[in-house]
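Only one chain is shown below, in structure tokens, and it's the form predicted on its own.
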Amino acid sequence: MPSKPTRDDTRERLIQIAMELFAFQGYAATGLAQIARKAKVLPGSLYYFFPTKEDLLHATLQRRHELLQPEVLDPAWDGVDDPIERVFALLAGYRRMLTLTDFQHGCPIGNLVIEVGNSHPDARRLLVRNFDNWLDAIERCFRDAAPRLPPDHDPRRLAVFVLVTMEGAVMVARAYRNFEAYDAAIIQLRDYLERLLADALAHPQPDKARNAKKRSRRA
């Protein structure tokens, strides 16, 4: 016999359905009655967990923060060890998402910033927290690649550059319903990073140069 759904199960189902509908329809266009109906719960159950629609919005943003690693980063980075290539693997993941959803599903955080960023200040703070979480992950990639990059590079600024590239590329791809701009943006980002890598090779720091000579003599 299947076990009876618990309160936690019901709450989680409501959050998951709301996340899906907010992503595909937008926040304003999604009604609480629609969420309850799709989650197969009575409206009273929804209000028990989330007295207001904004309470539910906050819960979805908290859950997206928690799911970044297992649902976004881990699948994109599976089998990718090089930290620079991890950046591009993540961007390729967003491209696949656009393909699978026929350009209907953009960045859910970016979409909500546009829709509720001005009208819901508490939600805006949670949206910023989600962006910071994403930036932290990309910054770690550039910190891991630091020995191959110029010493004056700023990992956080590079991460911001990647975020802005991704958000703009996703938005334009959805508008045009093609990947011409998306692919062009990623090509330019890769060109920039490859120039940084080449510059670091061409102008090694003294400590790096000495270590390279020592390795050469030992060989």
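A quick note: this is a predicted structure, and the numbers were derived from the prediction, not measured. One rule holds for the numbers: they count along the sequence shown, beginning at 1.
Beyond what is shown, the protein has a form predicted together with the DNA; the following relates to that form.
Asker: Heavy atoms within 4.5 Å of the DNA in the predicted bound form: which stretch in 187-195, 155-163, 36-44, 174-182 meets that?
Answerer: Flagged stretch: 36-44.
Asker: Note which of 151, 168, 51, 26 lies within 4.5 Å of the DNA in the predicted bound form, where distance is taken over heavy atoms; exactly one does.
Answerer: Contact with the DNA in the predicted bound form is made by 51 alone.
Asker: Could you tell me if residue 32 has a non-hydrogen atom within 4.5 Å of the DNA in the predicted bound form?
Answerer: Residue 32: contacts the DNA in the predicted bound form.
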